[in-house]
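This text opens with one protein chain seen in two forms, each one given by itself as structure tokens under the names structure 1 and structure 2.
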Structure 1
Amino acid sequence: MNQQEHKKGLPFFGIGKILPFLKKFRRNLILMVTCGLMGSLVDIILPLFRRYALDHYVGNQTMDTIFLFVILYAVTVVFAGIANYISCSLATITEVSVNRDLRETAFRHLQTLSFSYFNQNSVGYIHARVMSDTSRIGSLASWTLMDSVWHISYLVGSAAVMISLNARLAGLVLLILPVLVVLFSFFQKKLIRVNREVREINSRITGNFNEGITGAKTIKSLAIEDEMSQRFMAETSNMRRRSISASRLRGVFAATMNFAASIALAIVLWKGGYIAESEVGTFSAFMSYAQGMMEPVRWIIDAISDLITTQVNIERFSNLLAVQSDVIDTPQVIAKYGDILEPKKENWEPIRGDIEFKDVTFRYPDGDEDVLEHFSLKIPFGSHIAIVGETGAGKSTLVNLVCRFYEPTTGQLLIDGRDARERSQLWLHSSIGYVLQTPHLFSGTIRENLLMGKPDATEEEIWAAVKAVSADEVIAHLENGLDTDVGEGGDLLSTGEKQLISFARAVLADPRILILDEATASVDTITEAKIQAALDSVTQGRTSLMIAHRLSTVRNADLILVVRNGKIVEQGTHKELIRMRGYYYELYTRQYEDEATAQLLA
């Protein structure tokens, strides 16, 4: 077995990966563990107090020490209370702080990842890593740690006290420990299994429920309400059955625990003869310890399984942090231009806006075919480029490369004559305005969304941008104007409205490179015509790339790229392409005929 395998075999190996996150809380943790130890020490001492009281004060003798006894007892109890308070508070503080740190780290890391990561991993998966994995790790580092210390020290301490009081009886009582371990492990395995089943069904139910809500319209339009309800009901009935059997199992487990405790007590009662008659106190102490052993044993077994299952959370979480973006800035670039968190804007040279594809071949990281092959194109600053072609032809891919959301598999993308990789992603992104095919707004008001493009924009600038894209009429119709709440993801607005707002946001930022991916696909033809008219001024002084399905909207472009199956099959101005009588001509006449027919039918 080599070193690596050996390490993998160790059940708690992964814990090491979260140690760096705990370093900061070292003092907290040490104090927490110390207070936990104190608490368990008091738990061990209290039966000894009773023992003393029984042996010295019951039915007799001298009561002269009673005053001191009461004081000592009171001090111990108060001390236990304080230790308890401190350890619990520290555990809570550690838990929430570790959670926060882990989540913050994960969130920051996610910001650095490239598009391909988000394409390959579902939102649900990422959400679970950031929320539930971190919360399990947080509670492991706080409560599980403290409770383990408490319970282990209680077991060891009480065993030691029992042995010192009466070794023979202690030996007998402790014999029950292995039995307990076997018994609890048995139940625990079963419990974990049923609990997991219940959880799985529960998540399926949540999933069904979510689909039922988010897909409500589709469900109705397909008239499959009945099937969806049947599916949902089957799961909930299943859930009911499993939950009942889980709670039965828990009941049997609790009863078995009580039974085991009774056996321990029975041993003490039965073999109580080992204790001298005068030592009633010792007898009582044994009773307490014998009973007190149940909980820690159960707890330690729980903690061990917790440790094992949390391994998976730690593993997945550290894998998330280990994911490297496909697009990264080199250390030299970061040294000069800074990174996302600390940009060194003073070193950024102003961008002009020349773009050049130099023999670019591109394949998506998870794709099995080249989307672009040996593609070269110079786009000088200020030109207005249109990209047209069928669905799935590779238009969005082309602009994703310009934005450096992906990098060429081979070849180069030059910005202002220099390889894009020589400068930071942020440098490029801060000069690009991109109106996405699927517009996204953030929850908040329209104004807040617009200001994301330019936080210090004045009211005039905002309105100028809004007017430039003809969003002013839409906004005027909304009750609160610019201060209208757009809802989560902008879902309170129509797709066309979202498109206009995100367009205005891009324009407000005054980017050197403007990218419009079907930016007007969801607005009505009248609004589109208005935007079209304003486009000349919007694109003035910028390099613009505009993807459009409606070919009538690209006639004025300086250059039209016609994409087919990932290749640029034709390029030129509208007139040139029409004259060529090729693919563009075909697309154009077909669309023109369709539109003409539609107009006639209207």
Structure 2
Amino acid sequence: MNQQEHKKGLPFFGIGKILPFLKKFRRNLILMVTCGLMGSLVDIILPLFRRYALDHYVGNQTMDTIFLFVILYAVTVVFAGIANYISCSLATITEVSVNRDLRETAFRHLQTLSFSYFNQNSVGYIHARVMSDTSRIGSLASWTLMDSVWHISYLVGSAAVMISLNARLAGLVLLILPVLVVLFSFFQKKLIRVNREVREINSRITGNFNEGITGAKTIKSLAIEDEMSQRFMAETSNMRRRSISASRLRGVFAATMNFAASIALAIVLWKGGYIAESEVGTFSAFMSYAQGMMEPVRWIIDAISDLITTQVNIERFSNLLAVQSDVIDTPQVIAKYGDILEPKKENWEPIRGDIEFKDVTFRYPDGDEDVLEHFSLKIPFGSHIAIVGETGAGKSTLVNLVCRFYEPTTGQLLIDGRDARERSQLWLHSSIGYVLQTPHLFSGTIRENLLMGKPDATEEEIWAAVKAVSADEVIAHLENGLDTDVGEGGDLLSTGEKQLISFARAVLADPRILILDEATASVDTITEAKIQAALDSVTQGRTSLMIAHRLSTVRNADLILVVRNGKIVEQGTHKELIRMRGYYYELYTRQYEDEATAQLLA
């Protein structure tokens, strides 16, 4: 959405953009609106019951129809209760159902987006789109709709009844409505401004609170608890001041509105006194309508403000759904192989694992220069490729292309001799085992995490994978073995234990392509030795790519690609690169000297 469109805003507060999500609930919505209208009609009729009672039973001092009156009044009240119950129940059902559909749609859409989107947007930003924005939209589609039906119909109906009872007095009472609009216009901008400030401060408090939890170890290691506490207290104090200011402003606004309502009642008392002499019931009805009309007017004014705010939520949610992935399968590919969420596995060809970069030039979507230029490389099935370089050199670029996390800017990436774009992303991803530098486990047990690699794995297959990476020793020391809970993100296990479990998960899936992204960089020397010992066996019969910082781990690779400043500057075997005495030689000797010095000082 461009700036001009943003300023103009979406027509009808953007409601048209969420109508597709409401179509399946149209029966509920129609019944909810109908019951809301009935409930409003009863609220309009009730003062007329009181008018009749005062004029007939009090004024005429007769009780001839009291039994019928009581029956009708009771039936009307019961009818209103049933209508209100149905409308409220349907509003609740609609709200939670719309929220579910919106969040499911957003979450499914997120699964289709490429890495660049998640690199450019924070977790908090995405979380707000999926949870907070959808919550506001769901409330708009249910409670706001129901309340608007009740308040608008009550306002119109009350005005019509008042005019029918006494047009002149009704006109005097209704004159207060323009005054209320003017008052709201005066307060609206100030209320929106202070509320926006409060929300922004609240966002900063949430961010600081999140950092205080996730960064607890860093805070303690830097001994900055006092500084973090003071920062948090400063924000909460600021929040308190702004919240009090906002509350005072809302109080003034509410008092002003109540004052206006009192004026309406005063008009009825002043000009309606002559009615009371002969028509006590009519006077009472006017009092009820004059007082009751103030709440709908206030609600309508507030609802307009809420609609303006919710329009932003609709825009944000719509913009999320409008985001397109940088990596998209063609309609022809989807028709044959399916997509990420609905694969057609029966059409998937077996993958062997031959990889070829064919005249590939690549630039990241947010970059301003080419990372690869006319790069060509054949990686036969079963090869063990190492990618080395200093931290931040761009070692992950080749792996990202192999996994189709990004597409080549020009050129082709061939898998088994065919352009990877001729088959679906999921076809390729299902044959890749990826072990990250920072391992991630999902909440649940070790067994549940392992089965994510292969849901139908047998007990024998699970233990074979666990033993292949020497993770059986870790599991043997846990009280519940494979059924041990790993905690959120695997936090109940050490980094080394998490890495071995994630390695076993990748091996269990029996991938044709295995990728190790600095898998030993964040673990202890014992775990590193276990992973190194497992590499020789688990890489057999697979094409493997290993991103490594420690060069001692790549000496047996079939080919080593040396990356510097985002570009491949050297390639060859360990011996060939050492003989070249180039950049790899410099890195290797420097690292070897550092390790030797560390051993002497140990």
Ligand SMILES: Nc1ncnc2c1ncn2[C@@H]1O[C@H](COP(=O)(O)OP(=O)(O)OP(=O)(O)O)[C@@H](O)[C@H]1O
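Residues are numbered by position in structure 1's sequence, first residue being 1. Only the largest set of C-alpha atoms that superpose within 1.5 Å between the two forms is called the rigid core. Nothing here was measured: the structure is a model prediction, and the numbers come from that model.
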| Of structures 1 and 2, the one that is the form predicted alone | 2
| Core-superposed comparison between structures 1 and 2, residue 31 Cα displacement 2 Å or beyond | no
| said: After superposing the rigid core, is the C-alpha displacement of residue 529 2 Å or more between structures 1 and 2? | reply: yes
| Core-referenced Cα shift (Å), residue 580, between structures 1 and 2 | 2.3
